[in-house]
Each structure stands twice: as structure tokens, then as C-alpha cells.
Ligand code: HEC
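Here's a solo chain for you in C-alpha cells, the form predicted on its own.
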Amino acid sequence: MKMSPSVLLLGALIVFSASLAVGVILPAYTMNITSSKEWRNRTEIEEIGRTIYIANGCTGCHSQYVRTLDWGIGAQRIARIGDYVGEAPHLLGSERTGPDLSQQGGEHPDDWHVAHFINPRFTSPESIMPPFAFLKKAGRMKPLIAYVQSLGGKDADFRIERQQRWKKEAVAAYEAGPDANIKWLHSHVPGPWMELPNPYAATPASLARGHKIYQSFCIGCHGPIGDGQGPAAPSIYPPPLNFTTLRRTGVSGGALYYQIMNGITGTAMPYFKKHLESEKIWDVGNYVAQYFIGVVDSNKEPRGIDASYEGPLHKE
């Protein structure tokens, strides 16, 4: 047979057809995929939110699947094929410019998402995500949030229920006044943490590190002077904590660490145990205590064994 453009085209079509049959058509008709135990049907408003998610190109930066190699960053579970039953088109995504969203439901309450979509820098000061405030004006933000809160299926539903249950308590405590609010917050910190001083000295270097961490993670909600009046505050209820109200009661470094690490479920205060390693949480705790509360307990004795990297405790 003489090689010619028509023969070449025919050969290419045969190879393509065979690949399509083996790689796409045959699996589609022979695979018996059952839904995972976490899977559920989406509601009507969640389906509307999904179309908004697609229309605004969210898959360009966010994936919706967790691989085995992602386990180390705090994923609750590895993605399974049964999680995606009925997805057409699938929204797995391939870019991870932003965080994976496959289990995003219930990670934050709805009002956190409102502030985040209005301007992501309000909740994540170093985010490169564009603002989507126009969705609120068009009445499309509520369905989008409903869709995002559905990601994770029944596991997400469990987390949402927990957010709503704790929000009732958080709102009641806030509306009872600053002293009652602080008492409620501290009542949920285990006793040993309430008594634990910050083990890292509040040196000029550690306070500078704490300042940088505060600007990178906290300033959008708590504001530049720690009064809870950051740009996210108008969208959040109960509003972010005003650290200066702790001046009357004081607070240990351990209590600050515990609540920065675990967050406060039901409020817009997220947990940072996935984002910040231990020393950074202690440093930002020292910064908050020094500049907003006015009481630093980091130099209390006994301090235990000093960290090997620390310099002498002197002021520069």
C-alpha cells in the first residue's frame, strides 16, 4: 500500500476510534460505579450554585479531589470514585492555585463565605483570588455558597449542622456583652491551656514575626489595631473579637494558642492548625498579647528548656 495523505488520515482515524472505544466508551458502559457513603443528591439551590461556580471559572484555580499525596496538608479523606456519581460535567479540576474544595462544606459558616466572596483579601489577606461582590448584587451569591457548603456530601452536612449549633451559642454570648462573651470563649478552653504561659520569649525578632503573621492571616477580620473592625467585619456575625476587651481579664498565651489553633466553630474564626506550624502560632499570640491586650506572659518562670535558635533576651 502506498503511503498517501488519505491513507495516513484513515490510519489516524482508526487509531483514534480504537483509543476512544477502549478508553472512554467501553468503561462508560461496563463500569458499575456505586455511590460512596458520603455522597448525596444536591438540592435545587445547590444545583443553581453549581452552574454559577462553572460560569465564573472556579475550576480554573480550584480542584475537587484529594490525592494520596495531599493527605499531609490536613485532608479529611482521600477522594473516591463514588464521590462523583452523576457529575456531568465533572469538576475535578487540575489546577491547585487555590485550595482544594472537595470537602469545603462546613469548614466555615455562611457569613465567612459572604465576606470571602465580596473580597477574598478580607478573610485571606494574601489571597490572589479575584473579588466576586457582583454576585451578591445579582442575587447569585447565596446559591453559590449553598453549593460550596454541599461539597463533602453527608460529611459536609454534619459540619454545617455543627456550625449552626455553635453559632447559636456564640451569638447569644456576644449579645450578652463583652464580659459574658469572654467568659463563654474561655469556658471552652481546657484548664491546662488556660494556665499555660507562652513558652517563646517576646523578643523583638519574635514580635516582628508575629506582626508579619498577623498581617498575613488576621488583619482582615480583627483589623490593624485588633479591635475587630477589619474589612470583613460588616459581613460577619457575631463580629470578630475585639482583643482590647481582654485587657480587663487578661489571657494566657496558652489560651490564645488553643483558639488560634482550633478556631471557634460557629463563628468566622477559622482554625489555623493546617496553615501555621506551632512556633508561628506562639509568635502571633505574643504579638496580639503585647500590642492589643497589653499583658505578655511569655517570660514567666519556669520556662522549661530554651529553644536552641533563640538569641539572648534583650531589646534591640
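Please read these numbers as outputs of a predicted model, since none were measured by experiment. Sequential numbering from 1, following the sequence displayed.
Quick note: we don't show the form predicted in complex with the named molecule, though the next part is all about it.
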> According to a 4.5 angstroms non-hydrogen atom cut-off, is Cys61 in contact with the named molecule in the model of the complex?
Replying inline: yes
> Going by a heavy atom distance of 4.5 Å, is Pro238 a contact of the named molecule in the model of the complex?
Replying inline: yes
> Contact between Ile48 and the named molecule in the model of the complex at 4.5 Å, heavy atoms?
Replying inline: no
> Do Val66 and the named molecule come within 4.5 Å of each other in the model of the complex, heavy atoms counted?
Replying inline: no
>> I need the one stretch from 80-88, 179-187, 152-160, 200-208 whose residues put non-hydrogen atoms within 4.5 angstroms of the named molecule in the model of the complex.
In response: 179-187
>> Please tell me which of Thr244, Thr97, Gln76, Gln229 lies within 4.5 Å of the named molecule in the model of the complex, judged by heavy atoms.
In response: Thr97
> Can you name the residues of 126-146 that have a heavy atom within 4.5 Å of the named molecule in the model of the complex?
Replying inline: Ser127, Ile128, Met129, Pro130, Phe132, Leu144
